[in-house]
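The structure tokens that follow cover one protein chain in two forms, given apart as structure 1 and structure 2.
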Structure 1
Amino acid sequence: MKKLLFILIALTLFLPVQAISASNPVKGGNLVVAQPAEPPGLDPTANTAAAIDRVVWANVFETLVKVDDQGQVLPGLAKEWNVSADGKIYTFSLRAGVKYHNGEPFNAEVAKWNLERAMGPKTVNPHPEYFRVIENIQTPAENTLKITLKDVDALFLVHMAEGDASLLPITGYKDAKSHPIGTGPFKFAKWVRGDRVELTRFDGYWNPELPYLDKVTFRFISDASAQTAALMAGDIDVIGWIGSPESALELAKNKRFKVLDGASTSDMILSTNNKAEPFNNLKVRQAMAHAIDRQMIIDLAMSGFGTPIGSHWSPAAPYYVDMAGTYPYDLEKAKQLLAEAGYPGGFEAVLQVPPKYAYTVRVGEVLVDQFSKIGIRLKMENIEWGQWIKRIFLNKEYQLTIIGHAEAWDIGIYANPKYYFQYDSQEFRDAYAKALKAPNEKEKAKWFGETQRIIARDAVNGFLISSPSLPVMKAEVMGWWKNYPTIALDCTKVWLKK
């Protein structure tokens, strides 16, 4: 199972990257990290927003297992584990003596409580399906956790390494949205709304060698130019996820900074409400797919960075199938399909974009122009991030939007007809179920590949590009991840070269 997760591929972006020092890490120092969106809360078990995970997951909260920057599954709060021959029983040996930031002990009973809470009927977890595969949980010893699954789940261990599986304290969990308490290397210190979250070193961390830093501050700077200006002025040390690829080209030329050229699992899509007219018509969605010139999006909106995709799967993950050619750029074919769908003159629609993610505006402008060539007249509207979550993600009050889906292995969202795409396909659900129960690598590749083919064929969304990982930082920042196989900005082993 440890080999199941991500086999990262290299993305060659030809950026001049400075060599990273091989000297020994030193302790001390404060790090300021910029990210574009402020989290709606700080509890990764209650909200799917990637902005939450980027601040607290792996820094404040931990999971049974974790992944490193190469996507390898490693011990987390579980120091080791084994899986039964039939693939249904996972036995985790937990670390002894682990404490939460408030002094509460972590043990098997606490882990059991967390998992039962996530799988329960009143769960607030954004991905309860990750946990409802569990049949029962036993705690044969204080630090032994035995989980029996209802059936084989090829992604179970992967999901236990995601922010949704963060393990909260039993008596300290209720205020997690505003005052998170975890077992991680950093503890929550302050949240200045609209500006920053401050974390400080947890001196009681179970690994006494970590963390290296004294303090990490996450500043929320939505404007890409403002991010770059803050870095140039020395107000921040890292742009964790650069919102302006063209800035990466310029900053890489400056010896004061370095750009790490890596891979990510973020799939940028034109999210489509499959229940809203006229997008409930397959031919309309197919016409739109033929009207999308992905290379133009990469060139005009992403400064040449990114990989065209045709389905909801990152080239950075195993079992990837290149579906970008499913609907090749063909304006005449697109117009024909629109006419067959009953819209020979096209139609008007609204494209809502959250400007906190600058790429949504840039990509939106390109798509408005591309769709106009086949008679689809898009009105682009900016929507504040909190309203995007409420109106689009939760209430499904939209026609089209643009967003990056950063969670790895999240193609299972298409099996949920209540997800904000409102895609309902029994064929997909059957294929996904077979992928989860696949007994070997060959069958996993077959059925995960089939899930990609089905949603590509159904043109569920406008599948655009796989985003590159382009973190930019001061030259003295060491240990920052080059690749982003998860959506965490893990600062556990980051240090500052004196």
Structure 2
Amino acid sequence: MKKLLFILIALTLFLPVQAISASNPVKGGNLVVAQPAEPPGLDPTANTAAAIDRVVWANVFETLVKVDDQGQVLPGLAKEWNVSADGKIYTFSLRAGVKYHNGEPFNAEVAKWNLERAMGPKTVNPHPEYFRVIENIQTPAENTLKITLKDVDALFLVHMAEGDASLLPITGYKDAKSHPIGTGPFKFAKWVRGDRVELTRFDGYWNPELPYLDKVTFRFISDASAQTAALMAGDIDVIGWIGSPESALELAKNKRFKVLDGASTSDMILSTNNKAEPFNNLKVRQAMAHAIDRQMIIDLAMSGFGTPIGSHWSPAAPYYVDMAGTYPYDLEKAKQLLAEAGYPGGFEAVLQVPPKYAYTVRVGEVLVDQFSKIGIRLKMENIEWGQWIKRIFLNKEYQLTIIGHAEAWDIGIYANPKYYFQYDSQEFRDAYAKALKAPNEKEKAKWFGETQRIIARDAVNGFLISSPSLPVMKAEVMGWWKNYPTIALDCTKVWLKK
């Protein structure tokens, strides 16, 4: 009801405004964007932190192809491409005359150097596997890049649109951590450490129409109430990803602001150690799945924002299958399954949550209450993020934890039995391999759908909700992405209504 009311308010307030102004963007103006985390360095090819991509991807650095806020793959530095009939050879026609911010030219040789660096033995790229499917790279002409893959890879193209595949200049790459140089619409101006990163319009951008803004400043404000106060006081124009959904609800009532309730790639899950007692028992996991009331999590912990999910796939992405009904909320069924599994009185377990991500604590509290109804007594413990990575993620010393998996197209993690869920299923691995090698869209949809069904059926983790995108901004900010189908705060087409 709350959500319905909010949507109605949002519709009446913003639709007419956007309809009038979407036609003629205005040039000029400065935009101040708040994001909670300061990036640890500004090189997206050397660090996995989402905060880096949110500042530099599509703004400073570009990739061969890019995605828009609907998740569609669009031309980037490649103006077009074609794939051979067997799906193994990608030929990209690159844009001619593209220059880096320092004047270096971009061409096929530069692209080749970047890809080889990412797949090389000394790589520190967080995702070398994106590139290691490449068998060889040829540059038959200055602006033609011909990539031959070892095998068909349905995700190769979307991977080339991610921050990890950013194309850096050959001489200007060395200082990318502190002084990034790219081909994007904005060039790096200054990083006041601890406070902000400033980007200014790049006049030599290959698309002379863009960008609209003169300057974009990213400010780092981690405290959720400080973000809201800064927006209300007029210090910032946009909160890229609001930390407290309840503030979004408040701000949406104010005519000066608007809230975009879109989808993101972040799947929030109750990660479960499938090798640990008693979670190695399918019936226990099924019982838990029956005891989760997702709508209550959305209402209590997320102020009504978010979409229930039943598997590890974003509703915003292609090939999505709605599996939320696999194990409907049913306490009797849950108790029965627990009894069948040999735990008629339930059991005790430890749920570890990293308070660095505030939602994990909120959602954890709701889950503790929900599981108590079938006799599962969860003890909730806070764990510092560095220890989470070490103990839970790398050493797998845990029973349950909550986290949002932010990467798009990441269902492949279930194919790795050493991943921290420790889920080991040959059936899943076969289905995933078939999905990757699917020759056409129909087969892709079939097999990616199948992978979603298998992990939903096996109740590998507690699949909770797809996190909302929830950017909040002043009413005059136009062209901001509603959905976040990839990790980005793309300002290329953002403009300010006068």
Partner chain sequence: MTRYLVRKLITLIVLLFLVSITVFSVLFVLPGDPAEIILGMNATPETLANLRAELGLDRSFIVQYANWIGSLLTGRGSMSINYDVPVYDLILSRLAVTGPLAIFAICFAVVISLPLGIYAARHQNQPGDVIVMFFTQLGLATPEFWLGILLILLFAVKWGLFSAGGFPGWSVSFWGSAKALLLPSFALGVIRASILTRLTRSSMLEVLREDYVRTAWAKGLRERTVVYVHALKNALIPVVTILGLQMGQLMAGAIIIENVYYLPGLGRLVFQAIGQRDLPVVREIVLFMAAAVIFVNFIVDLTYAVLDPRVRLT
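Here the structure is a predicted model, which means the values were calculated and not measured. Residues are numbered by position in structure 1's sequence, first residue being 1. The term rigid core refers to the maximal set of C-alpha atoms that superpose within 1.5 Å between the two forms.
Engineer: For this pair of chain forms, which number matches the form predicted alone?
Structural biologist: It is the first structure (the form predicted alone) rather than the second.
Engineer: My question is whether L464 is one of the residues whose C-alpha shifts by 2 Å or more between structure 1 and structure 2, given a fit on the rigid core.
Structural biologist: For L464, whose C-alpha is compared between structure 1 and structure 2 after core superposition, the shift is 2 Å or more.
Engineer: So, superposing on the core, is the move of E348 at the CA at least 2 angstroms between structure 1 and structure 2?
Structural biologist: Yes, its C-alpha moves 2 Å or more.
Engineer: Note the number of degrees the smaller rigid part rotates with respect to the larger part between structure 1 and structure 2, based on C-alpha superposition.
Structural biologist: Relative rotation between the rigid parts: 21 degrees.
Engineer: Please give the CA displacement of H405 between structure 1 and structure 2, in Å, after core superposition.
Structural biologist: Here the C-alpha difference is 2.5 Å.
Engineer: Once both forms share the same rigid core frame, by what distance in Å has the CA of A431 shifted between structure 1 and structure 2?
Structural biologist: With the cores aligned, its C-alpha sits 4.7 Å away.
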